[in-house]
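Consider the single chain below, provided in structure tokens and representing the form predicted alone.
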């Protein structure tokens, strides 16, 4: 636990960011997604085995807000996939430290997916390791690393995690 008189405020800000981020994805408001990141950022989805071995191979990688905008453009305009609804459940949110002005945090993430003609199913279970920064008075992701527990996902990862 961080010995800091601002620890409760930091935790509240981080939980609020995660809640707004999940709402953005679950409400299909993806045009707002890039705004959750600072301009120079890292967004990475990596299998646990690669993360634990320090291997750089990722399932998804964006190295700036521009990369995230490219991903959004692909989702909206070029990818072909069956309609689906996403549900993010973020738990065990914890601020693990500070580096400079950044907050370091981690959480547990499960994502459920509902296809229009199928029952809801678990898409993935993951851990997140994030670096967060106040940018223009708004807490944003400077780095978001999502570590999936499996290498074999039951479906492709289309929407943000």
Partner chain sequence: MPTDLDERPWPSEDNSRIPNWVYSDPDNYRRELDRIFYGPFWSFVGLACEIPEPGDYMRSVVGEKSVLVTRSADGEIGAVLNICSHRGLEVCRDKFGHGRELMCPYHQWTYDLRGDLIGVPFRRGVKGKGGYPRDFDPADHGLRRLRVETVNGAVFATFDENAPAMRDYLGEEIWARLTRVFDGRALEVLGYHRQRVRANWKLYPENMKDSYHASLLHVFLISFGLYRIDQKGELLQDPRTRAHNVVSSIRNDLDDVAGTEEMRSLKRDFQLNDMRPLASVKEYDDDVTIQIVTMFPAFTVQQQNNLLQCRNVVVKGPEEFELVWTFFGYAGDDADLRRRRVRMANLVGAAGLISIDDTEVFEFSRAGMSANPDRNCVVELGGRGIEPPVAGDMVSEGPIRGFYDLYRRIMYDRRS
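Quantities reported herein were computed from a predicted structural model and do not represent experimental measurements. Numbering follows the first chain given and starts at 1.
The next section is about a form of this same protein that is not shown, the form predicted together with its partner chain.
Using a 4.5 angstroms threshold between heavy atoms, residue 120 stays clear of its partner chain in the model of the complex. Using a 4.5 Å cutoff between non-hydrogen atoms, residue 34 does not count as a contact of its partner chain in the model of the complex.
Of the heavy atoms in residue 114, none are within 4.5 Å of its partner chain in the model of the complex. Its partner chain is not shown here, but in the model of the complex it comes within 4.5 Å of a heavy atom of residue 55. Of the stretches 131-139, 90-98, 103-111, 61-69, only 61-69 has residues with a heavy atom within 4.5 Å of its partner chain in the model of the complex. For the stretch 69-85, the set of residues having any non-hydrogen atom within 4.5 angstroms of its partner chain in the model of the complex comprises 69, 70, 71, 73, 74, 77, 78, 79, 80, 81, 82, 84, in sequence order.
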